[in-house]
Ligand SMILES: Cc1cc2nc3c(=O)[nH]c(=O)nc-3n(C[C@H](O)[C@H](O)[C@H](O)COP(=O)(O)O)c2cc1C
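Just the one chain here, laid out as structure tokens, in the form predicted alone.
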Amino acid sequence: MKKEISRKFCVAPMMGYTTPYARKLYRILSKNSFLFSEMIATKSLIYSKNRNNIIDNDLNNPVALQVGGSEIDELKKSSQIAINYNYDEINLNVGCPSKAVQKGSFGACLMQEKELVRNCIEAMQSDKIEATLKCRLGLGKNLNYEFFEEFIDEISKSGINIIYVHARNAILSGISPQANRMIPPLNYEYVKKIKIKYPQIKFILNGGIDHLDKAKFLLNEYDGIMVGRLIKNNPFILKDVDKKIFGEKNKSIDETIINNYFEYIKPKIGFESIFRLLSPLLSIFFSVPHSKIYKAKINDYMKDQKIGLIEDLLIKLINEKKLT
């Protein structure tokens, strides 16, 4: 049985960032945010011997497993794997513009094959898990509402309930995936317009949301919002989400939050890369102004796997810089 879950505030799937370890930290910081895995190719999901390390879901719900693929049988199997790992949702990526993804015949290039995408969603559907889609407005340098509308027209025939829209086009050649997150112009109005035509579908807005006040404002007109880089750059912003977005009491950053996360990762030292375990926190060390001393120390401690000293250093950094 599918659960009723809020998607007012979603943390976007980010390759190399939204690992099981990042999701654990995010969940410690916010109990209400809807989380995503990294995008995982269906073949890797089905056949990788390291699957547990890639998609482990240690009670981080509500959470979605995002997959990339276009083979119907593989998507059916992927949906069952998501159910077995207690995910609340399986999401098909039809927005990633990278060359590697295009070579695998999935991601944003699938927006050219709307009937196939509809068939993919239908293959993923189950009464035990929500099957959803993440897409762009279209392809190429020029925005075209008719293309976007025709794409959603076809996808809607699957009975889909939730679509996440990165509100800009994907440019499949000539610029990098990173540039694709910034250069193509945003157009929130397309999302607002398609919502009027399909009020039964929840459209979650993604793209260009760079602070919580903007997220809260946009929720006046959209079913939900999705943020990525904002959280990647400083995950501790999530501590304010439950208050600002969900109206709960404020949660301060204190030693308890840090201690909880380090208690989770300490048993994994030696079995998992220390960089992967600490990656959700490293952007804090390396982006705070005037923190050269922290950068040098963290590098030394990581080389020697001195996890306790890293924990102490992080607590000191938070206290000194008053991170919010």
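As the structure is a prediction and not an experimental result, all values here were calculated from the model. All residue numbers refer to positions in the sequence shown, first residue = 1.
Another form exists, predicted together with the named molecule; not displayed. Remarks below refer to it.
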property: In the predicted complex, N169 touching the named molecule (heavy atom, 4.5 Å); result: no
property: Partner proximity in the predicted complex: M14 to the named molecule, non-hydrogen atom cutoff 4.5 Å; result: yes
property: Any non-hydrogen atom of K195 within 4.5 angstroms of the named molecule in the predicted complex; result: no
property: Contact test in the predicted complex: E38 vs the named molecule, heavy atoms, 4.5 Å; result: yes
property: Interface residue in the predicted complex among K77, K114, R181, K202, criterion: non-hydrogen atom within 4.5 angstroms of the named molecule; result: R181
property: Among the candidates K239, R229, R118, K244, the residue which, in the predicted complex, approaches the named molecule to within 4.5 Å (heavy atoms); result: R229
property: Stretch in contact, per heavy atom within 4.5 angstroms of the named molecule in the predicted complex, of 78-86, 216-224, 202-210, 121-129; result: 202-210
property: Within 124-142, the residues that have a heavy atom no more than 4.5 Å from the named molecule in the predicted complex; result: K134
